[in-house]
Each structure stands twice: as structure tokens, then as C-alpha cells.
Ligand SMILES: C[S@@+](CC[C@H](N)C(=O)[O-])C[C@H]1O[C@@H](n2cnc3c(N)ncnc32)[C@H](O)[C@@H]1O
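Okay, here we've got a single chain as C-alpha cells, the form predicted on its own, with questions on binding and movement later.
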Amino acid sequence: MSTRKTTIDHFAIDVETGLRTTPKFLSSKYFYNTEGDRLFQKIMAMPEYYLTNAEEEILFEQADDIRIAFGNQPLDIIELGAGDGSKTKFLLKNLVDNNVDVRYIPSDISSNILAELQSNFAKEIPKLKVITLAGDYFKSLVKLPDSANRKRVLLFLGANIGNLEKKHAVEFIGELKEFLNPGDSMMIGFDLKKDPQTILDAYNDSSGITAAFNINLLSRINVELDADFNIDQFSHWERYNPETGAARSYLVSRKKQKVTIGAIEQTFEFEAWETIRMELSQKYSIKDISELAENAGYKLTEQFIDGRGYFVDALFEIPT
């Protein structure tokens, strides 16, 4: 079976599972086809989307401190959900410029974005060895090169940890320990709790880019799974709960309708104003982060925070 056929099969199974569940949901990991990648690049450039600038500030202005925290030894920097690596390059350039023996191993579900990353890094940091891994997180990690006599530092940046419910975040980073040794580290980007309106604006921009990003998943299902979603009959909706720290995005059916997905020969009914859960973006307090590290069996060793207090890259270590 070809890799593409396998990918489509998994996509179809996940879509069917989500649309058969009550309430309906679609996995945000499927946002990133070619059009999804393009739209997300536009989201990251929006003035309302503070997350990118906040983390870029940390990785650029505090690169020396982060390098020192990693330790003076050969490093394998493994990044989950690397995207185009535009933020991480500041840190990687600092490591290379300071003669650290480093290999960069970016993993992403999108092979398109990894190809772009590798091309750009070859021009911008030509001395850096880059080994790309396409696929889901754990399927990529089993293909990691041998790291004998090298420290592994796993990067999970961009507040991607926020796509998981808190209990699942504990389970997820706990499972990642399988790929790390005592003394290895993981640096995780967390979006901090802040003014609720600032958070809402970041996920519900007035230009409609985030809405298009969410709705693009329906277009992808139409193309790749032979479905007949009428995308004009779905609206994007965002809400934020400052008590729990959960920002959630939905698509809302504007009328009672049926959608057929030819690839699985199934029809799904939508009531008027019925929702599809699309994405969770969990926000954290400093206390939440400390509890997460402890509950997953890590030691929280460093926290690098941007100037506005919007974002933190927290360094977790496997206890020796």
C-alpha cells in the first residue's frame, strides 16, 4: 500500500469517527495541507496573533541563556510540529555561531512545509545538519537517528501543547520520555493566561483568516475524500473561558443539512446551528506549568518569558 493511500485511509477513519461522535469534532492535525500551510503563515503574520512574536522574542533575545541551559555538549535538537522553523532558526543560528555540535531534526505532518524548511535552512544556516521526519509525532520519533553520546533536546513550541486537554497533555509528554534519557530535556512553549479579549482577538481576527483556516479543512475533505460540504453553510465561532483557560474554535452548521463523504460511502446529518469542534487552545498559568511537569515525571528547570508576560518557553528535564 502506498504512503499516500495509507494517509488517506487514516484521514477518512478519523473524519468518520469525529462526525459520528456527539458532539461532532474534526482533528486539528488535518488543518495542514498546502492551503492550510499558506493560511497558517498568514495567521502568524497577523497583528492580533501575538503568539508568534512573543515566542520569536524569547528565542532571539534569550538565545544565549537557552544555549547555556542546554549545556555544553553535542546536541540533537528534535522539534515536533516544526512548521517552517522560522522561530527556531534564531536559536539554531546561535548554537551554530557558538560552535555547538548540533543536529536539527524537525518533524511535521506536512511534507510540504518540511521541504520548504530544508531549502530555507540550507541557505540561512548552511553549516547546520538538518534531518527531516514527516509524519505524526510518535511515528516520526521511532525513526530518530542514534543519539549515542549526544544530548537530546525535544522542542514542542508554538503553544502546540495547548491543543491537548490538560490530562492528555500530562499523558502526552509522559509518553515522550520513551525517546529521552536521564539528563535529556524538553522545551515546551506555553501561551499564558492574559486579558480574555487579547486571546479572543488572536483566534477570531476581523479579516477572517482564522475562519478560512478552519473552513479549509472542510474543503480538504471535499477534495481528498470526495465529500460535498457546502462550505458557505458553515460559520466559524470562537470562545474563551478565562476560568479554565480553554479557547475553543467551532464550525457551526447554518441550516439543517446532509453531507455525503464518497470515500467512505457515508452520509452525516447536521441540525441547524449544530457545531463541529475544531481546535482547543489551552492557556496556562505558571502554576499550571509546574504541576504539569511534576505530574508527568519531569523536573522544571528554566522558564524563558517574553517582555509582556504573554508566553513562556519552559525547560523540562528528565531526572537523573
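Everything quoted here is computed from the prediction, not taken from an experiment. Residues carry their position along the shown sequence, with the first being 1.
Another form exists, predicted in complex with this ligand; not displayed. Remarks below refer to it.
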Completion exercise
Given 123-131, 177-185, 191-199, 158-166, the stretch touching this ligand in the model of the complex at heavy atoms within 4.5 Å is 158-166
Problem - Option touching this ligand, based on a heavy atom within 4.5 Å in the model of the complex, out of 250, 240, 137, 90 - result: 137
Problem - Triplet 229, 234 and 274 all within 4.5 Å of this ligand in the model of the complex via a heavy atom - result: no
Exercise for the section: Indicate whether this ligand has at least one heavy atom within 4.5 Å of a heavy atom of residue 245 in the model of the complex. Expected result: no
Exercise for the section: Give a yes or no for residue 254: in the model of the complex, does one of its heavy atoms lie within 4.5 Å of a heavy atom belonging to this ligand? Expected result: no
Handout entry: Non-hydrogen atom contact residue 82 with this ligand in the model of the complex at 4.5 angstroms
Key = yes
Practice task
Give a yes or no for residue 293: in the model of the complex, does one of its heavy atoms lie within 4.5 Å of a heavy atom belonging to this ligand?
Solution key: no
Handout entry: Residues in 35-72 with any heavy atom within 4.5 Å of this ligand in the model of the complex
Key = 40, 44, 55
